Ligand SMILES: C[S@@+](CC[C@H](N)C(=O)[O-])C[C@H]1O[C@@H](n2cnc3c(N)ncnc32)[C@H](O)[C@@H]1O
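Below you'll find only one chain, the form predicted alone, shown as structure tokens.
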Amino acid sequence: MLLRPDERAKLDSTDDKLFYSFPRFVTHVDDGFLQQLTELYRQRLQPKMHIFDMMSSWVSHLPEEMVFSRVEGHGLNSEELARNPRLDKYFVQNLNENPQLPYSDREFDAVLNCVSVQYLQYPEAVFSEIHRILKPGGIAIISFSNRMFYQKAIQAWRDSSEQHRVQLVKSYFTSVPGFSTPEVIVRASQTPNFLQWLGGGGDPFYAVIAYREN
């Protein structure tokens, strides 16, 4: 599935680097979401893996007790990335301007993306890069909730229901030959949306997971 040009549009079309030019040392989802994410990483990742944390920030939510061979990060704010204690190395790059990642083929055991997939304007190209840098059998975990910087999310995401967003991320994987059939984990919130947005907690948790098959 390819997105139409209008589906890639953002309400705020200014340079993303300007929007992310100042650090935000906050988490954008609630503690319940983050606990579920860390537990998912605990179940699916293995010690000594080489991990790429794409569109990262000042925290990666990896299990504290797990030691990896190397964790490399990417984002749009160098101050946030420098604060992240799990990153051994990081770089700043706007994937909407240049989706090509500065890594060799088959370099990583896992690629992670937490609550940022909604900002990708060319997800097909980015997911092709995810496949390229993963080792055969490597895992990609894309997690998200219903929160976002609304003005920076693409139209296809803004205009979709939460269930359709799951299908959207699945389609990003299936647009690239060589990924396994995407697996979906959904833990819907029992809290009404208006209470969630008022800080009432209960953020829904979504994860779409696939492996590089070849």
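In case it trips you up, residue 1 is the first one in the sequence shown, and so on. As the structure is a prediction and not an experimental result, all values here were calculated from the model.
From this point on, the text means the form predicted together with the ligand, which you will not see here.
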Check Ser128 for me: does it contact the ligand in the predicted bound form (non-hydrogen atoms, 4.5 angstroms)?
no
Taking the shortest heavy atom distance, is Asp16 within 4.5 Å of the ligand in the predicted bound form?
yes
I'd like to know whether Ile139 contacts the ligand in the predicted bound form, with contact meaning heavy atoms within 4.5 angstroms.
no
Give a yes or no for Glu80: in the predicted bound form, does one of its heavy atoms lie within 4.5 Å of a heavy atom belonging to the ligand?
yes
Heavy atom within 4.5 Å of the ligand in the predicted bound form - the one residue of Met55, Val176, Leu168, Leu40 that qualifies:
Met55
Using a 4.5 Å heavy atom cut-off, which residue among Leu101, Val111, Leu87, Leu76 comes into contact with the ligand in the predicted bound form?
Leu76
The chain here is shown without the ligand. Which stretch in 160-168, 58-66, 42-50, 178-186 comes within 4.5 angstroms of it in the predicted bound form, by heavy atom distance?
58-66
Contacts from 111-140 to the ligand in the predicted bound form (any heavy atom within 4.5 Å), listed N to C, are Cys114, Val115, Ser116, Tyr119
